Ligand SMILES: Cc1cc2nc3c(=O)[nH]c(=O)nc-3n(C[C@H](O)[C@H](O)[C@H](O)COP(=O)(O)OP(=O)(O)OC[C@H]3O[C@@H](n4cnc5c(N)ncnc54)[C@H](O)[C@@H]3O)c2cc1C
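Just the one chain here, the form predicted on its own, laid out as structure tokens.
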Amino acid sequence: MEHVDVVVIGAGLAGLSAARMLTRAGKTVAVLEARDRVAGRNHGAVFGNGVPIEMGGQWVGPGQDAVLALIDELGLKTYPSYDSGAALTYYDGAAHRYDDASFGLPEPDAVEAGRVWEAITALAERVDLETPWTTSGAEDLDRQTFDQWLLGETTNALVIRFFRLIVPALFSAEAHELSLLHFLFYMKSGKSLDVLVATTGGAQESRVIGGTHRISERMAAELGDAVRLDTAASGITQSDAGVVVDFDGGTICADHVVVAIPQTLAGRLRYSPPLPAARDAVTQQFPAGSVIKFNIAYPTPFWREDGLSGFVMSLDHAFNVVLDNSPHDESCGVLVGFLEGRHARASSELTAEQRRELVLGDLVDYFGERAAKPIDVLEKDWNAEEYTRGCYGGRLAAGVWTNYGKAVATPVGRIHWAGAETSDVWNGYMDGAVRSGYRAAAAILDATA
């Protein structure tokens, strides 16, 4: 039977970062990837006019030091997201332009939204990132959903609608589908709510020229034959002597294994002996969000002519978060937007043509009739991806952090866990994925030193 020092399951950012660190330390590695490509939740596509575009995770920003350093190491370049002009918030049948911190809300509502925002910020500061379940008052924070807390914090109907839009914009899940503690942990993990929603100075500040999938492709090129595509792992047997990993068509043994796939997929592997109950419970209660991503290409970024940045939030529509996604050379105009949470689940039952009509209809409401005439429309339903089963990342519902949180990243013998959902810094983001890969690799190197 073939033997390597470490088997890595999954060739996304987490798995490849771990494999790269291990091989540089002299370890032999095999990376098993079920897909016919690397990069996991990063995925590149090409418009009919030949312009490349990202159909998966795409933005990087300040403070994301691990992924930014990796991008630089690999010889890739970034460019700033377009962020000039007025933004739009659509509610009660009308679009409201703004270029301040009001989010286009009427002054009394904006003041109340700001108060709630500050309350979230103050609560998030209390969270212990390394061990969220030990946070002061963790049980109270964890037993309620974010939506329950919101309804207890304000009676302003417009402000409630506003925050019920913010949550799926970040999680691709609804406000009642995650615990308050998880929401607060995520906010602090990504520095703050201000940073997570911002473009310039925030999590959407920059993009990688050619697409973020190139990060994984360049790491895979370095690793060469160690990366094996179309190789779906199915089970892990662990003993004092090592691990044996079963995959389609064979087996491979190693001293350690890094499981670097989404939590819900990690739970589908067969483990012998069975995982501890707490770890198994984590995989059962860590669902991914629901999202369908669209990139819509136009001959030019015509909205800029009207002094608009392209950023839209709508409290009325299904296609309710939109940004300017035009390429760095401005060879065409591109709008990117999302059907998230309940809207993604409902829209998945439509035909592709019906979804296209829905999306273009909403864009016409925002930008006028020119939005009805794109040169190309690309969509990606991440819930339909067999080896992803949802994006942007996983979430924990009420009670999960305090009951099972310590099992999220804790190794089980020779089995190590990686992936953006296992990181305590930039959880759910590309930077968190890279950090998790480094953490898992470091633990193996420490154990074998």
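Since this is a predicted model, take the numbers as computed values, not measurements. Counting begins at 1, following the sequence as shown.
Beyond what is shown, the protein has a form predicted in complex with the named molecule; the following relates to that form.
Judged against the named molecule in the predicted complex with a 4.5 angstroms heavy atom cut-off, the residues 146, 168 and 287 are out of contact without exception. Only one listed stretch (128-136, 357-365, 265-273, 147-155) carries heavy atoms within 4.5 Å of the named molecule in the predicted complex, and that stretch is 265-273. With a 4.5 Å cutoff on heavy atoms, residue 34 counts as touching the named molecule in the predicted complex.
Interface residue remark: residue 261 is counted as part of the site for the named molecule in the predicted complex, having a heavy atom within 4.5 Å.
Put simply, residue 343 is far from the named molecule in the predicted complex: not one heavy atom of it is within 4.5 Å. Contact check for residue 9: a non-hydrogen atom falls within 4.5 Å of the named molecule in the predicted complex. For the stretch 27-66, the set of residues having any non-hydrogen atom within 4.5 angstroms of the named molecule in the predicted complex comprises 32, 33, 34, 35, 39, 40, 41, 42, 55, 56, 57, 58, 59, in sequence order.
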